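First, one chain by itself in structure tokens, the form predicted alone.
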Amino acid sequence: MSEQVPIETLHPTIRMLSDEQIQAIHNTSLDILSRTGIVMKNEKARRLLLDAGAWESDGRIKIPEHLVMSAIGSAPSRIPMYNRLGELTMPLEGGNVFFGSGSDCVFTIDVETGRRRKATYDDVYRIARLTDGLDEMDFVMSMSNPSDVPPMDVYIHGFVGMIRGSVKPNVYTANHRGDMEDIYRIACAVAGSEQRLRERPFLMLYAESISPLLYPDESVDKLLFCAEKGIPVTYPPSPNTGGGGPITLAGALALGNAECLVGLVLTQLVRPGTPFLYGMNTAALDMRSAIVSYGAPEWPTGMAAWCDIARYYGLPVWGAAGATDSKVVDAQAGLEAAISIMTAFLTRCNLVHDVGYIEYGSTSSMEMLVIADEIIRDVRFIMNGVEVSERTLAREAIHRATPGGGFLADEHTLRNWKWAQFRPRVMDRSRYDEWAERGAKDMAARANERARRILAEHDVPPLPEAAEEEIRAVLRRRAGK
């Protein structure tokens, strides 16, 4: 019997906000921008806003609704992200969900010794290589602020470590326009030309304002640089509940939405059509410990809500998952990572960062990256739904079956078992005696072994020599040589 086209598969999603709730948050954000206003420290951005119809009152810039709506209308609904080989691998659009690591950790868990220590350049490079070798990781971030390089050159070395360690798209951070210019020079050399980089971008800037409603000079200058060059940018504020934002999630969302929209307005005033990834961060400022909690339910709940808002605006969206407040890779780490990863899938968040963070974003962990990669594979299997087709309904296999005899040796099983069942890479399903004979290793130990195996075996295509020469030139100039 010929196989028929499968019946359309249902991919499960969740929605956090009703249409009325989205409209209320949107209207509150417009009121914040036009009545409360922002403090803008960058003079060029201040002038852009005033010339476009904003006004200044009581030391604040007030932004009218028409500027906001015009910016929403001019921003693209999709951002095609390429790898550094020029291949389209991460189209940020529709219901696509992509995962990657985070940035700027001060500490790391040494994959050889298990000790927590200051991060180095080699950690940036090695974690990028690990991320490159993990199938469910779609992009890289630095995961470290290397302590063994000149302090003013941290972000240059972080960018170099990422592009040497992985071909996957990267999301980078920078100190100021000087960093931006050097990173841009290197990126143009990697792509082959300035025009080719604009046509096939493999990098995206991550920068932030300061909640509530403060726009520092250098932060905004980086945003303007990307708009001038046509480089994709994300500018998510962090109105963490009880800290930079109101204690209530609705208030934090209204504030964060307003703050993010200012970044959108600025990019579109500089260059209409600048690729802009919408989003924010709504972690909770824990009232007992005063940490910004990466495992708190407020973050995935907020992410589901701002994904609804992003769809209302027709913009691709930023999020976070796969992180934990735990100081070690344990049951808490797995629980918090799994909840946030499942939420990211259900909300269809386009770009999901911070995978592999432990200790509320202070420390990177290769083991956590590996475990989160396994969780993503598991959840993706669920999110892919149930294929209903002639091959999956197994009519003839059922017809052949002996009552009570099962399907283990049936030809339908032999043809389809490799794809029809989820097969774990790190989770253990062996019998007890077999598990004990192999050392009775827990999940963290198995993840450590997988991380070290990838680091030993995975090859990454080298950078073009022109890019390496540009890197050498940039570092010589910064060293005053």
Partner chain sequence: MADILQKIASKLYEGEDEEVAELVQQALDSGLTPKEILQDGLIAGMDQVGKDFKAGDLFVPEVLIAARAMHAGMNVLRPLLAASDSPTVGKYVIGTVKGDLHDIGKNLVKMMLEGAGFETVDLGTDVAPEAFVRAVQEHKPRIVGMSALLTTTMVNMKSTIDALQEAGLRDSVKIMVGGAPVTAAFAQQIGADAYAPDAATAVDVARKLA
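Residue numbers count along the first chain shown, from 1. Bear in mind the structure is a predicted one, so any value in this text is a computation, not a measurement.
We do not show the form predicted in complex with its partner chain, though everything after this point is about it.
> Just one stretch in 369 to 377, 158 to 166, 145 to 153, 253 to 261 has heavy atoms within 4.5 Å of its partner chain in the predicted bound form, so which one is it?
Correct option: 145 to 153.
> Check whether G244 has any heavy atom within 4.5 Å of a heavy atom of its partner chain in the predicted bound form, and answer yes or no.
The answer is yes: G244 has a heavy atom within 4.5 Å of its partner chain.
> Is L408 one of the residues lying within 4.5 Å of its partner chain in the predicted bound form, judged by heavy atom distances?
No, L408 is distant from the partner.
> Answer with yes or no whether F107 is in contact with its partner chain in the predicted bound form, where contact means some heavy atom within 4.5 Å.
It does: once its partner chain is placed as it appears in the predicted bound form, F107 has a heavy atom within 4.5 Å of it.
> Is there a heavy atom of R288 no more than 4.5 Å from a heavy atom of its partner chain in the predicted bound form?
Yes - in the predicted bound form, heavy atoms of R288 and its partner chain come within 4.5 Å of each other.
> Given that its partner chain is left out here, which of P76, P201, G334, P216 has a heavy atom within 4.5 Å of it in the predicted bound form?
Going through each option in turn, the one that passes is P216.
> If the cut-off is 4.5 angstroms on heavy atoms, which of these, H176, R196, K118, R271, is the one near its partner chain in the predicted bound form?
Answer to the contact question: K118.
> For the stretch 308 to 338, return the residues whose heavy atoms include at least one within 4.5 Å of its partner chain in the predicted bound form, in the order they occur.
The stretch 308 to 338, when checked against its partner chain in the predicted bound form, contributes no residue at the 4.5 Å heavy-atom cut-off.
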